[in-house]
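Let's start with one chain on its own, the form predicted on its own, as structure tokens.
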Amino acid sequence: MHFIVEPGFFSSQPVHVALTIGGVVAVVSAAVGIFTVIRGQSFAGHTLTDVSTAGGSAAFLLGMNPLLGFIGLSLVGSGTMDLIGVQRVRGRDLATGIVLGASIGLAALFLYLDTTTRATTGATQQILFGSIFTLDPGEVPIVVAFSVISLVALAVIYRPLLLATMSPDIAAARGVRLRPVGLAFMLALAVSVGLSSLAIGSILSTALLIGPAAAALRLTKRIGAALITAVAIGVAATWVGVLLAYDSYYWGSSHNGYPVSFFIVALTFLIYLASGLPARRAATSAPAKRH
């Protein structure tokens, strides 16, 4: 095992916290990510990452828990996008553009104030790229609570959300209230982005949101199977990323190590590329079978 796992990995409390929070966040991100990809709202998810950057940096500035800033301002951003008109494709572009511009401006301001008015070091690094090994064990109940809220909300609106995603006109004809369902999903998306911002940083949080879901939907078109596959991919990428980040401290003589976010994003990207291989093999073998 020493060739794979460096000494102290299984007994380290920071590792236990990282695996717990990372695993929980990966589950929520994968579940919400499936509908984000199907609904074509990946750009909205990306916009919320910039909103969470502003929220996290504002929380640091005020001396608050960054998680509350990540999630709090993401909820405000998601509500604003829905209010502007996220239900229609044209309205989505308008909403995301307005919120994106405002959030980037606020993030730049708050990050500047963090580095010039507070003595806290590493604030920018933690907000943008995460620092999962430094999270306090007291964060675990908060993360779990928000995760349960997001998953329960998704489960409650699952059927109407699925119908509204596949065919908004049929959903409306059957009495589905599209606006409340869409708003509930946007709020679940905001919580998911806020949680992943805590784990791997705000600007990389879409990796856990989009990557596993996109790979799963390449492998299967059934929603239930895609949900399970996305969760498995997200959790595996996160846990292996934590392991590699821990091991990287022992690579070479500098003992600096590499950030967890780098490995998670890299693994997610590689899994997404690999998920397209079955379809390519099927496409190349089809002409041969015809002949």
Partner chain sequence: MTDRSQPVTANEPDVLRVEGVTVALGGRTILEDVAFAIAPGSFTGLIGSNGAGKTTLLRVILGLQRPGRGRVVVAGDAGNRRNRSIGYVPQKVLLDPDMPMRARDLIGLGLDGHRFGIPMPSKTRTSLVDEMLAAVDAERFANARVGILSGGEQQRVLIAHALISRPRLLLLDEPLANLDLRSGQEIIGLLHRIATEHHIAVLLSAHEMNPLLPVMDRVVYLAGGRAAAGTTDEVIRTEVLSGLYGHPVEVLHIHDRVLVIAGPGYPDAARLAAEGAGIELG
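Residue numbers count along the first chain shown, from 1. Computed from a predicted model, the values in this text were never measured in an experiment.
Another form exists, predicted together with the partner chain; not displayed. Remarks below refer to it.
In the model of the complex, the partner chain sits within 4.5 Å of a heavy atom belonging to Leu163. For the chain shown alone, Tyr158 is a contact residue for the partner chain in the model of the complex, at least one non-hydrogen atom being within 4.5 angstroms. Although the partner is absent here, Arg174 sits close enough that one of its heavy atoms falls within 4.5 Å of the partner chain in the model of the complex. Remark: Val231 does not count among the residues lining the partner chain in the model of the complex, judged by a heavy atom distance of 4.5 Å or less. In summary, the region of this chain contacting the partner chain in the model of the complex, judged by heavy atoms within 4.5 Å and restricted to 130 to 138, 174 to 182, 100 to 108, 196 to 204, corresponds to 174 to 182. Of the candidates Ile142, Leu217, Leu187, Ile210, Leu217 is the one whose heavy atoms come within 4.5 Å of the partner chain in the model of the complex; the others do not. Looking at 196 to 224, the residues that come within 4.5 Å of the partner chain in the model of the complex, counting any heavy atom, are Leu217, Thr220, Lys221, Arg222, Ile223.
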